[in-house]
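Shown next as structure tokens: one chain only, the form predicted alone.
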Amino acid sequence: MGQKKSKNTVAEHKQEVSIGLKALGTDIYNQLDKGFFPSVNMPSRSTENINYDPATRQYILGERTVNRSARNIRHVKPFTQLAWAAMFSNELTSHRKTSTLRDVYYSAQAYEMTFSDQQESNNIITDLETITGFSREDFNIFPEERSAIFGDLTIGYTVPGYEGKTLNLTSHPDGVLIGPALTSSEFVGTNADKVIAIEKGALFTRFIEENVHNKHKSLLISCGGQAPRQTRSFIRRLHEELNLPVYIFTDGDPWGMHIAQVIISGSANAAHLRALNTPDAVWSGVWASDIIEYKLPTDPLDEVDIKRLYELQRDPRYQNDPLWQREIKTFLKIKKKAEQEAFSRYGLTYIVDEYLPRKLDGNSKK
């Protein structure tokens, strides 16, 4: 059975988040109490301050900072928005409520706090992440995207009204949504010995139908394209807390490659956060070399695809592993791409019976 997470971990983390938000509010209050214009310092999120760190194998922010001060008339509005976002986040976490990014935008109007559009609201939430070191998911704020999980993992809920209740994630044949209730749950136990993250829902469903979770003792995750941040964080939890290796299956194109790389190394947009990547996860396919080896049906790479490949070739996340460079060069050589479903040319179960076992039995690092 998989190792169970400490009972106090989630509660302790929530307490840390609350302390962090209140510390920000206390600092602003104390500055006002002393007769100062309140200000906050935060790491700069400019591209010049985003660096790839080989030690953590992800992008991180450098040492540059920016100051936002109520003394500057141009800063008054974003400073006020930031203080409101911290107050609203504290309200959510204190009352154990959740919100979506869209809901935050509309909720501001109830407090007579205005944002020109949702992107402005989203940016303020990101500022709050940068200042506190916590993610929006820690504030119980989630995007609309959802992915799903299926397999033999029993979780214990911690959300209000469900405390003490458990659920095995084989309970629904379509998978269980990876939402706030699931990501905040405790791990009770599992018989799985690996995680398989899948780019597309169609293959996720096929894997469930073909009993991959039992045949390969695996937890199956549908990423729904680019995996949402809470899903990437959840994958890392599965890896770290249950010691499960992670294998990633994507379409055979530059965009699929990057979906895998973001799970492994994180993204520049989230360089201000940690624990969103799983550095030891393995991109297991579909590779460009698989297109050749398995003679898969293909489509030609278009100009945008080729431009993207050259961008990835220069990206530091792709330069430390010969596999990535080899596959990029192969894509550029054959100028073709293939979808995961292309294996169906050999029959509906070929990808499960032939391709998947080869990848999981050690060929994924060839």
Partner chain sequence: MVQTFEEISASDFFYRNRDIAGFTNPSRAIFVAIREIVENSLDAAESQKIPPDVYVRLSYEAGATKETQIYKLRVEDNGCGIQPRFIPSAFGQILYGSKYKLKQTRGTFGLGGKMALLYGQITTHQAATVTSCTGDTNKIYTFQLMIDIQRNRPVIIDRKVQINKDNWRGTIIEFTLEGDYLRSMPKILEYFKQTAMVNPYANLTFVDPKGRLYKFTRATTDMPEPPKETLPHPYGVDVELLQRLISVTECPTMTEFLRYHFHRVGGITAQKFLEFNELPPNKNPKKLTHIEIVKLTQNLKKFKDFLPPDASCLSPLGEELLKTGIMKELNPEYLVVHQRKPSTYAGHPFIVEIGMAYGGGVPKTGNFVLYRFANKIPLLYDEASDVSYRVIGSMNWRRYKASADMPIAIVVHICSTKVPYKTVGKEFIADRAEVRREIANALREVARQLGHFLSRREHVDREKKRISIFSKYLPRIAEFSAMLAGKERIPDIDKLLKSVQKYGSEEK
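Positions refer to the first chain, counted from 1. In this text the structure is predicted, and so the values were computed from the model without any measurement.
Omitted from view is the form predicted in complex with its partner chain, to which the following refers.
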Please determine, with the chain shown alone, which of 68 to 76, 219 to 227, 234 to 242, 174 to 182 has non-hydrogen atoms within 4.5 Å of its partner chain in the model of the complex.
68 to 76
Partner proximity in the model of the complex: Leu169 to its partner chain, non-hydrogen atom cutoff 4.5 Å:
no
Is there a heavy atom of Thr80 lying 4.5 Å or less from a heavy atom of its partner chain in the model of the complex?
yes
If we define contact as a non-hydrogen atom of the residue within 4.5 angstroms of the partner, is His13 a contact of its partner chain in the model of the complex?
no
Contact flag, Gly35 vs its partner chain in the model of the complex, heavy atom cut 4.5 Å
yes
Note which of Thr26, Asn320, Asn51, Gln313 lies within 4.5 Å of its partner chain in the model of the complex, where distance is taken over heavy atoms; exactly one does.
Thr26
Interface residue in the model of the complex among Tyr294, Trp84, Tyr157, Phe187, criterion: non-hydrogen atom within 4.5 angstroms of its partner chain:
Trp84
Are there residues in 255 to 283 with a heavy atom within 4.5 Å of its partner chain in the model of the complex, and which are they, in order?
none
